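Take a look at this single chain, the form predicted on its own, given in structure tokens.
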């Protein structure tokens, strides 16, 4: 469960997001909102990438008081990932697996299914945008997270890979009980049964149970 306690994010004097009090249960949550509404800001706050006022707790663990313990079980996949062009997929995967204390084997299987294993030793600067996106999604599944945050996971990838990503999400949820918060303008309705829709509207969050 995620708990928001008097959570506020400011950019200078501008209030971008305010969540006075909210509990988000375990499950699959579809994060929706207009462009610029604060979806990415919210995900980056939970991922520990944006400073904010107040607190966020995961299963009672505070990101402010127990940051490392909180973040050790949270993975994040960016909408438009950027990696140093000279690094290879091997470099990045080994780094992520090291930080998450995870074996590489499962991730190699995902690389193979997404047809990017052949580029494992190539610098990511030689990748297409779709290949970089696929790699970022594989990295988001590394280890044994309790919560995975995915920001627009379906953009720039081909139709066949969309089906695979949906399969990976369902497997992670069904087999390991991993929760997801997924921001997407593309529809998942026929592929994934969501627990709720989380709406970012008027600088705050609203939950609609499904």
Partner chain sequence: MKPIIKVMQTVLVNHFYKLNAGFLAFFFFLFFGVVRGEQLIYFHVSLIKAFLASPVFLAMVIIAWGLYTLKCADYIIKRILEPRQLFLTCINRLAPKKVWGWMLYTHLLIYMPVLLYVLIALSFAVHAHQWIQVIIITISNLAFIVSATQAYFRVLQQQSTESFIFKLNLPEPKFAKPLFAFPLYFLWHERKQMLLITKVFSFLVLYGFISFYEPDGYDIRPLLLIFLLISAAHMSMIYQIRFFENEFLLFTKNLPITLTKRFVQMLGLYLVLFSPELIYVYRAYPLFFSINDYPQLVLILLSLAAFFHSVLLTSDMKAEDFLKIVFGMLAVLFFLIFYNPGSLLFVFVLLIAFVFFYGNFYEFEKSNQAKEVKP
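From a predicted model like this one, the values you see are computed outputs, not experimental measurements. Numbering follows the first chain given and starts at 1.
The following text describes the form predicted in complex with the partner chain, which does not appear among the structures shown.
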- Message: Please pick out the stretch from 62 to 70, 23 to 31, 166 to 174, 152 to 160 that is in contact with the partner chain in the predicted complex, where contact means heavy atoms within 4.5 Å.
- Response: 62 to 70
- Message: Going by heavy atom distances of 4.5 angstroms or less, which of 104, 131, 119, 74 would be at the interface with the partner chain in the predicted complex?
- Response: 74
- Task: Spell out, yes or no, whether the shortest heavy atom distance between residue 82 and the partner chain in the predicted complex is within 4.5 Å.
- Result: yes
- Does the partner chain get within 4.5 angstroms of any non-hydrogen atom of residue 48 in the predicted complex? yes
- Counting only non-hydrogen atoms and a 4.5 angstroms cut-off, does residue 108 reach the partner chain in the predicted complex? no
- Query: Would residue 127 sit within 4.5 Å of the partner chain in the predicted complex, counting heavy atoms only?
  - Reply: no
